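Below are two forms of the same protein chain, given as structure tokens: structure 1, then structure 2.
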Structure 1
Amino acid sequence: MRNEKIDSTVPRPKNGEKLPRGHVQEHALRYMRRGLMVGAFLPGQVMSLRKLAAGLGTSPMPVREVLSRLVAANALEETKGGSVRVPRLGPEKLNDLFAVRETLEGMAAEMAAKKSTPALVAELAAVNKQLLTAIGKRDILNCLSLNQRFHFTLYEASGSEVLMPLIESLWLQFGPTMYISLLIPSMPWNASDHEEILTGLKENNAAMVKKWCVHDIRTTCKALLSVAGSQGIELPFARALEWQFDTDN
């Protein structure tokens, strides 16, 4: 993953080429989701419709639709004035969120384990190897990205079209808070749970996979809570942050 400056402008058709229907919206949605997941938008930050549209080089129209979807997915919340902002998660809601994560992702992990294939194990092992490398290099952004890829690859293997959107909604909710909070202390990254998950998959031990997946989630929750203030994550230098990220997913 290259952390090069994003070209937020919507890719236009080169010269008289076809442009797919709903192309702008799709791009805007990816941009927003990626931004939320990678910490480009801070908890509490209000998103201006017009500014976002200007940043993307489009009219406010597609952005409105995208923001609506994100509000519906609880990734954003609307203020009394109709604006939307990134939710600030207090400890109690963080606990709620991660309790549901344990339930839902534990279920997905168990389902995935029951239909595991050598190909899946190989892919997960490869991702985890990259993750270990990123950890070794203290490359936090890649740690987060690869950790997400590991989990989602596993959950996708469950084959449930119902579970995935729900899990994605949860990740979008805690994403901004997590990605910001992990910048404060030097997070002691640890992929040992992932190794246990891989072992469980190889042994076709669904219960073991579920157990360590839940353990991984619980560990993450504790880490987040240890740095989360009562009013959610607060960063004195938050405003100074301006993440640059790319949109390839």
Structure 2
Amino acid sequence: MRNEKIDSTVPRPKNGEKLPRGHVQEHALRYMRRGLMVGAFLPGQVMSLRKLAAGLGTSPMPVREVLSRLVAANALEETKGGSVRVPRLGPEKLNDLFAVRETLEGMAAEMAAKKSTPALVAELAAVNKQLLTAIGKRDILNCLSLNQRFHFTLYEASGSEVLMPLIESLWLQFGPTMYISLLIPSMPWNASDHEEILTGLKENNAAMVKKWCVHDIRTTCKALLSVAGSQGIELPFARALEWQFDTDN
């Protein structure tokens, strides 16, 4: 797997000045949250303080604090040896997470459809077009990133301040499985459900939008369960994405 690049937008200190500690910590949290939600970190992957701190251009302390916050949010877990890793999700936990996803994300999609505008449809269509291109090129990072953008753009259009934090919490927990879902030969990504969602939005058919959003979630869950052992999902040929950081604004 080639190294992938992501814009981490960390401001460069000027004249040797240090960035405020809170700013660095919040940036590290945003980076880690995004990495977990799009699937840049894999189930079972141990978080290296040294590598994360080096990539973010900071000391290990703010990264350690961020990891502790993510452990508290159930997005990461602490091992008996004291290290922090991405949890492996067994079949029971996967079923639980995806069942809740169907309920909350289906609700958000339906609400968004009822408020749909031509601008929303155009934005989602553009994102999905980029996603299809990324799938065709096997551009893993963009597949993951654009898929997350499609879903969150749709859900945010619901206007619900209650649903979005709950949905984000779910994506923090199951997001690391998304990279693996791309590698399952029997169920390749094709974004066909996204096309149905777009059709539903164009036809002002909220029930159709909800139906295909739920179908998309259910299909992914089925694919993941097909490779999930009792100890969780783990594929021998899956490797974590090695993101390179562009710290220039």
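For numbering, take structure 1's sequence and count from 1. Being a predicted model, the structure only gives us computed values, none of them experimental. The term rigid core refers to the most C-alpha atoms you can superpose between the two forms while keeping them within 1.5 Å.
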Assuming the other structure does not fit, state which one is the form predicted alone.
2
Does the distance between the two CA positions of Lys202 reach 2 Å or more between structure 1 and structure 2, the core being superposed?
no
With both forms fitted on the core, give yes or no for whether the Cα of Trp212 moves by 2 angstroms or more between structure 1 and structure 2.
no
Please say whether, between structure 1 and structure 2, the C-alpha of Cys221 moves by 2 Å or more once the core is aligned.
no
Core-referenced Cα shift (Å), Lys51, between structure 1 and structure 2:
8.2
How much does the C-alpha of Ala40 move between structure 1 and structure 2, in Å, given a rigid core overlay?
4.9
